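As structure tokens, one chain now follows by itself in the form predicted alone.
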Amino acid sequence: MQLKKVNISTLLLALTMAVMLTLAPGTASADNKPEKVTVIYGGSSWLGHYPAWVGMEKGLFKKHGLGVLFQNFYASSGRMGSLIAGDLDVASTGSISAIALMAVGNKSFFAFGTQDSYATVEGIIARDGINSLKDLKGKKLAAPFASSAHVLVLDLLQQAGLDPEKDLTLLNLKVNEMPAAMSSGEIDACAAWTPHFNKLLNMKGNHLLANDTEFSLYKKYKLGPGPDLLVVRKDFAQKYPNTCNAFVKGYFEAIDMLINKPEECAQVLVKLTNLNMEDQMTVLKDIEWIPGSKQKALMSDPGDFVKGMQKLGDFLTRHGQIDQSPMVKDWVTTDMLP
């Protein structure tokens, strides 16, 4: 395969293709029936999409008169690009891509919740002989650019006193391409998230170099390199408020099921992740799910999560990943929350 170096600012600024919309969410009608019975959701096999998948597989959305079409994307940058282009209605995204769009003033979407808190499910995996971050000097390290893994890499390299432009070769690579690249010796290390993170760790000759608990903001604020964020297209929220409410009800019922019946959920999640039951249960144990009852406290006035997102925006600005830190609360709505 061909590996290319890509400028992260180019990837992030490419997301500004959408027309900027400023409509607020509408008010639901009295009968509360979904105006549109199918929602197009942007997801992947990442843990942040487990609630949507469980809601589909366990019939929780259907109970509220709603069908959900699950569209797969390998990274949040592509997912957010599709959302603002009008090809998706609702999505979960790594917050970095959302913040990047906020930073360039794109107001075609709302942020309305955060479904989880996690640690130890994302990190740098290295081949034998690389025993510290400093050992990456002169090596080839891959990460999906414009992603949480990329930001984690930049932060950890800085902590180790390494310059990604001079001391090593930093390559842009999709997470699903990393196992083959590691096996063939094309790269010496890579940064990935679950389930690929787990698969890479299980490969012979690979070991964990550092995980997301080493991220500087995690050490100080318990904030990971790319917290999960629920987003909705603004014009969709304005046009179909009952549909959005039905989605939110089914979604947070799925979170309740993940909290209370993890083994039952794992049985359907393995179809999404291709993990075995043991690994799937291990991932689930590393996740703290945030129920609907706690969402408004996190997202308003502004809440603690919004404050954390603001710190992440400031962090990205300091590291030259965005030109300026946006006022994150200006993109937050709590109108859709329970």
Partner chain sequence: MDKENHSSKPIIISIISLTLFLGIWELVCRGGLIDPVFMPAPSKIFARAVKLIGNGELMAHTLASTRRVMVGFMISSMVAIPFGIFLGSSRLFMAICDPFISLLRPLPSMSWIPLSLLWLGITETQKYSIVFMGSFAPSLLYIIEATKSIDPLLIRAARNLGASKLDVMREVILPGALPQIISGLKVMLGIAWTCIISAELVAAREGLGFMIMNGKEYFQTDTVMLGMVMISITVMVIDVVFKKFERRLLPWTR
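Whichever C-alpha set is largest while still superposing within 1.5 Å between the two forms counts as the rigid core. Residue numbers count along the first chain shown, from 1. Keep in mind that this is a model prediction, so the values were computed, not measured.
There is another form of this protein, the form predicted in complex with its partner chain, and it is not shown here; the text below is about that form.
Is every one of Asn245, Glu253 and Thr334 within 4.5 Å of its partner chain in the predicted complex, counting heavy atoms? No residue of the spot touches its partner chain in the predicted complex.
Considering Pro179, Pro262, Pro241, Gly81, which brings a non-hydrogen atom within 4.5 Å of its partner chain in the predicted complex? None of the other options qualify; the answer is Gly81.
Just one of Asp155, Glu214, Asp116, Glu186 has a heavy atom within 4.5 angstroms of its partner chain in the predicted complex, so which one? Selected option: Glu186.
If contact means any heavy atom within 4.5 Å, which of 196-204, 217-225, 128-136, 170-178 contacts its partner chain in the predicted complex? This holds for exactly one stretch, 170-178.
So in the predicted complex, is its partner chain close enough to Phe145 to count as touching (4.5 Å, heavy atoms)? Heavy-atom contact with its partner chain at 4.5 Å: present for Phe145.
Given that the partner is absent here, does Val328 sit within 4.5 Å of its partner chain in the predicted complex, heavy atoms only? Output for Val328 is no: heavy atoms all beyond 4.5 Å of its partner chain.
Give a yes/no on whether Ser97 approaches its partner chain to within 4.5 Å in the predicted complex, heavy atoms considered. Result yes; Ser97 sits at the interface with its partner chain in the predicted complex.
Proximity of Ala85 to its partner chain in the predicted complex, heavy atoms at 4.5 Å: The answer is yes: Ala85 has a heavy atom within 4.5 Å of its partner chain.
If we check its partner chain in the predicted complex, which of the residues in 318-338 reach within 4.5 angstroms of it by a non-hydrogen atom? Stretch hits, in order: Gln321, Ile322, Asp323.
Rigid core aligned, does the Cα position of Arg233 differ by 2 Å or more between this form and the one not shown? The answer is no, as the C-alpha of Arg233 shifts between this form and the one not shown by less than 2 Å after core alignment.
On a rigid core superposition, would Gly86 pass a 2 Å threshold for CA movement between this form and the one not shown? The answer is no, as the C-alpha of Gly86 shifts between this form and the one not shown by less than 2 Å after core alignment.
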